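Presented below, as structure tokens, is a lone chain in the form predicted on its own.
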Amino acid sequence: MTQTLSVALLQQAIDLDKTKNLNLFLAEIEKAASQGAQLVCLPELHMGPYFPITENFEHYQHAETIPGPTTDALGMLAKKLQIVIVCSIFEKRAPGLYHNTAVVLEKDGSIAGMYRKMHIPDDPGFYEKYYFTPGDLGFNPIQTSIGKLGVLVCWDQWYPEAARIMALKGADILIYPTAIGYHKDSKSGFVKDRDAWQTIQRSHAIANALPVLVINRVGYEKDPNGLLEGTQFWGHSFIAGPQGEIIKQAGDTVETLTAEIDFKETEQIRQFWPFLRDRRIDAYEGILQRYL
């Protein structure tokens, strides 16, 4: 792995047209690589609108296999640019079996690994349980030429267990492709929600002494059935250092975040904040219970 890593997060508004989205991200990835990015990360389900805003079986037609057209196109670009890309796919694993899957593409264009979203939400406007089978690959960092990437997806970001296991398995960085925002009819509380969302992920950085990359989308996406006011995705993608410090943060418009990550900081911080040393693994059996 490299000691330092130049990263780019592509915060974008997503179009209805899948081809248009792919071409947009191909162009933005090229631009980021031309500015020195070695790792480029895309938001959750970036190939189209966030369809789980409703339950509609017609959306299954947009799922694709892995490997498939999106990973093929992004893999070719990764090879051309000699970079690593983290993308997000509505995966068709088999007829009637679908996942929300993050895929890591290596510099040679191959699939370095993938992660199937483990925690699946089911809330108004976020009806993911209708579409996605919970992941079965576990929490395993993906080995790449630039380090071990601890890739998790959106709702996973609320669970310290997921981040901790990635850290214990040697992840060098935590990465969260995300699609999160607020409904127009519930705007009043969204600032607290957004602050909580950022705080929990900064806490993963602190507890594990790992840098954290969070990539969200922006823009308003309406409910095609007219049952909800629609979702305003709040953006605010950010890059946090291993003490939870904000290195870079986006606003609520289209933006590319870039930063240089120094992996040496993890060892230094763990030496004077030895959280892993002082864990009482002999006393944590209760964590495996649903409720005590």
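Numbers for residues come from their place in the sequence shown, where the first is 1. Here the structure is a predicted model, which means the values were calculated and not measured.
Another form, the form predicted in complex with another copy of the chain, is not on view; read the next lines as being about it.
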### Task
Flag this candidate site as yes only if W155, P160 and W273 all have a heavy atom within 4.5 Å of another copy of the chain in the model of the complex; otherwise mark no.
yes
### Query
Thinking of another copy of the chain in the model of the complex, which stretch from 77-85, 128-136, 105-113, 215-223 has heavy atoms inside 4.5 Å of it?
128-136
### Query
Does I281 make contact with another copy of the chain in the model of the complex, using a 4.5 Å heavy atom cut-off?
yes
### Task
Considering only heavy atoms, tell me if K92 and another copy of the chain come within 4.5 Å of each other in the model of the complex.
no
### Task
May I ask you to state whether A179 is within 4.5 Å of another copy of the chain in the model of the complex, using heavy atom distances?
no
### Task
Could you confirm whether A73 comes within 4.5 Å of another copy of the chain in the model of the complex, counting heavy atoms only?
no
### Task
Counting non-hydrogen atoms within 4.5 angstroms of another copy of the chain in the model of the complex, say which of I146, L174, I120, I142 makes the cut.
I120
#### Entry: Neighbours of another copy of the chain in the model of the complex among 158-183 [non-hydrogen atom within 4.5 angstroms]
W158, Y159, P160, E161, R164, I165, A167, L168, K169, G170, I180
